[in-house]
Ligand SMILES: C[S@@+](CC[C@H](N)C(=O)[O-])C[C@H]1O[C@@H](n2cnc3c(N)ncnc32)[C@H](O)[C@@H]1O
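Just one chain follows, in the form predicted alone, and it is written as structure tokens.
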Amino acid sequence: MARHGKIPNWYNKDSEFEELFHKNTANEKITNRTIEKILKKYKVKTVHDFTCGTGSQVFYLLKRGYQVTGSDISPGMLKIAARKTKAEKIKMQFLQGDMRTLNVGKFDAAITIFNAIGHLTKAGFEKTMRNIYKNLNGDGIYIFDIINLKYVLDKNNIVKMSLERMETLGDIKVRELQHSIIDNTGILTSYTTFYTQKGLEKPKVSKNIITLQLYTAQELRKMLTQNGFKVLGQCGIDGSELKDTKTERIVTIAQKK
């Protein structure tokens, strides 16, 4: 069992897999459109992505006229993001830093997307809230998402989260299999196996375990209120109305009080 609260080494060791299975997916496009819609609603101009990974949200928002900076705790992910700036011919630098402590300035909005806060303990998430509060302008907003605990616990929804997929990386085929379990504290543990095969050679096998602390929508509202924020709204990742046991990923929008 992985120790929860420690950022997984997988994001460095297998960062190329993360990019391979998440770039230009329907899920990524839906997520980015939802974020952009929220930013427009609240007339945001400057954004800092505290968990930018390989830069999905950063590049998307830059191309749409926002002033965006990005940081991440993982050198492996940032290496890929830097490589993409050259390919995109964009002049910018990504920062390495921890969302719980990094001080980068004042912004209209801060984001932490794709379940990033789930890697933290509850105390770590509250520390992140307080740090992000310091990095926001007077009426700045914080946007984040996390898998909905009530969804996972309802019926057999956790089975629906199992996956099997295959992609190609150069001349190598990469197959990913994943299944998850949930405990009584709301920690989701996902077990993933990767098979990488070059041509007809014997496949190489690698495994990892990642844990995520999940929350209900009500828990998130309470924690934000206790840490200086006013909750402006919650919805599904596609912007749809939040439904307790039907919405898989909760997007929360909170404003600095």
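Computed from a predicted model, the values in this text were never measured in an experiment. Residue positions are given as counts along the sequence shown, with the first one as 1.
There is also a form predicted together with the ligand; it is not shown, and the following applies to it.
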item	value
Full three-residue contact with the ligand in the model of the complex, heavy atom 4.5 Å, for E18, C52 and S74	yes
Which of 66-74, 185-193, 226-234, 34-42 sits within 4.5 Å of the ligand in the model of the complex, heavy atom basis	66-74
Touches the ligand in the model of the complex: M99 (any heavy atom, 4.5 Å)	yes
Residue contact check: F114 to the ligand in the model of the complex, 4.5 Å heavy atom	yes
4.5 angstroms heavy atom contact with the ligand in the model of the complex for L120	yes
Non-hydrogen atom contact Q213 with the ligand in the model of the complex at 4.5 angstroms	no
